[in-house]
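The data below hold one chain only, encoded as structure tokens and taken in the form predicted on its own.
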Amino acid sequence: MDKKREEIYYRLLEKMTDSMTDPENFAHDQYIGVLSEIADLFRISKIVTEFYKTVSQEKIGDGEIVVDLDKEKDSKVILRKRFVTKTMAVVKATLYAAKDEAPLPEDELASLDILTRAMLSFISRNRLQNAVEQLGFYDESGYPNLRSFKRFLEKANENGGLYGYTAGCFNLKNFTLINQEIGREKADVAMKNYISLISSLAGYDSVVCRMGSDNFVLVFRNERTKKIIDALSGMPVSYDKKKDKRVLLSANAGFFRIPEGYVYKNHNVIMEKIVSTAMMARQNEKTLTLFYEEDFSDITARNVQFLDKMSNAIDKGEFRVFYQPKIDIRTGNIIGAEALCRWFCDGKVIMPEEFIPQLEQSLEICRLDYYMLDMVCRDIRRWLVEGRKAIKISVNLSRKHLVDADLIDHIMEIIDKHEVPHRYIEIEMMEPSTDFGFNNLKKLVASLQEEGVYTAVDDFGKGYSSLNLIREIPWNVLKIDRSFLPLDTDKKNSTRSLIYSNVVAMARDLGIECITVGIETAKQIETLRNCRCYFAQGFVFDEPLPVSKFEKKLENPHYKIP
């Protein structure tokens, strides 16, 4: 190699070395330029590089193959190098020369070998960095994850601060129902298209990240707020372009507009604000979106204090069981009862609607549910010992229990501890909000029925219960909410009347016992009778009764039917 070519060689080697010590500032165009200089120096006509994440992927050819340079179609291999990293990634380079090109001298071939090794080291670092980026900052479905959210906030804070940005958290509405209606695969396509739409509206200087399931967080410039809220309020999204099929997606969202002078501590502070605000938005029936206010912090603090107070209330026995009878409208006889909770605190009776929604935001609701089941089993055992009439009692369990892998064991442990015959217990559950919960609910119902414990689907018709709930799960009892009942002024052929009568008929045909709750008038009893729904529960018969009054009622378990 002559002196001039030797100078070029060492300059190229220095460039390649610099690229490995500062890979972030080594642009792709610069890299191609280095390869072109190598090709000119050693009369190379073509360079092909390959990258495989594993040796197994190399064997099946599942990798990234790039033709970095191609000057001559008719070429021959002059050098082939293969490098396996410590992480078992494989990097390969193949160098070609024109077929009529003379072989390289030994010293030039050795110099080219060194340059090729340097090139492979750079490629492995560069492409492994991309792989680490994908693994660390994206989930398995390709969505940016919470690490991406954190990184975006930190970079934005370093580059001038977060003033001018809005952070948000949103949850897709009724996505479980959409999953059931169009199938998981198509629902995933719809969600991906929806998030892509929101990302494009948020702009390049934003980020939309998935927390898990159908929950997302995002950061965007304030001026794009209206477009984001409009999209979250409801947008038709395609899930099958060939058949031109679309679904309407919307979301509940909580936002925090970052104020001027905001001091960024960590992403958790912002997460706490937007997540708590999003939860309030989900509970607010008047709006889909809410913006964080400082008063919300006080509300959150009060909720924490409330949960502490409730936890102590269980230990003090402040929660008591009330029983509301279930009636056979043909005979007037009591055929069962629902166990309902009342909180006696500081001389006052606190009704469930005042504390259950707050408990549902934590797993404390599960502790209360188990406490209620335990108290019911104590009462039934005492009735049996005293020779009283024992009837089937239904106990409500929150959907929060569905994350418990040992739920069936915990339920049966309480029942069997008090030696209560299983036929006297009925477990009521509402429709779960996720596919994961739906599958767990199916398993729970099947397991309870194997144990001889009755199961009931609660509040059917109150929310967004789908027919899949009774089609796929073999319930014993279907509890129809009063919102499904025809109004007293409705005619027999009205839409509401037809829907109610057909739901009752369907349940009867499926062999599911049907009971309508919230009955308050004689007219409603007549409607039940006409539709052949013979079991009812409501104030027209009795309000929820304390144990002592309910026991007296059991001594003469008969009501006069209006």
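We number the residues from 1 along the sequence you see. It should be emphasised that the depicted structure is a prediction, and the values quoted were computed from it without experimental measurement.
Here the subject shifts to the form predicted together with a small molecule, a form of this protein not shown in this document.
For the small molecule in the model of the complex, the listed stretch (452 to 460, 117 to 125, 403 to 411, 310 to 318) containing residues with heavy atoms inside 4.5 Å is 452 to 460. Remark: Ile44 does not count among the residues lining the small molecule in the model of the complex, judged by a heavy atom distance of 4.5 Å or less. Using a 4.5 angstroms limit between non-hydrogen atoms, Tyr10 is distant from the small molecule in the model of the complex. When contacts are judged by a 4.5 Å heavy atom cut-off, Val517 counts as touching the small molecule in the model of the complex.
Residue contact check for Met372: one or more of its heavy atoms lie within 4.5 Å of the small molecule in the model of the complex. Interface residue among Val90, Ile329, Met430, Met280, judged by heavy atoms within 4.5 Å of the small molecule in the model of the complex: Met430. This chain is drawn without the small molecule; in the model of the complex, the residue among Ile334, Ile198, Ile380, Ile365 with a heavy atom within 4.5 Å of it is Ile365.
Contact check at 4.5 Å (heavy atoms) against the small molecule in the model of the complex: none of Lys392, Val504 and Leu528 pass.
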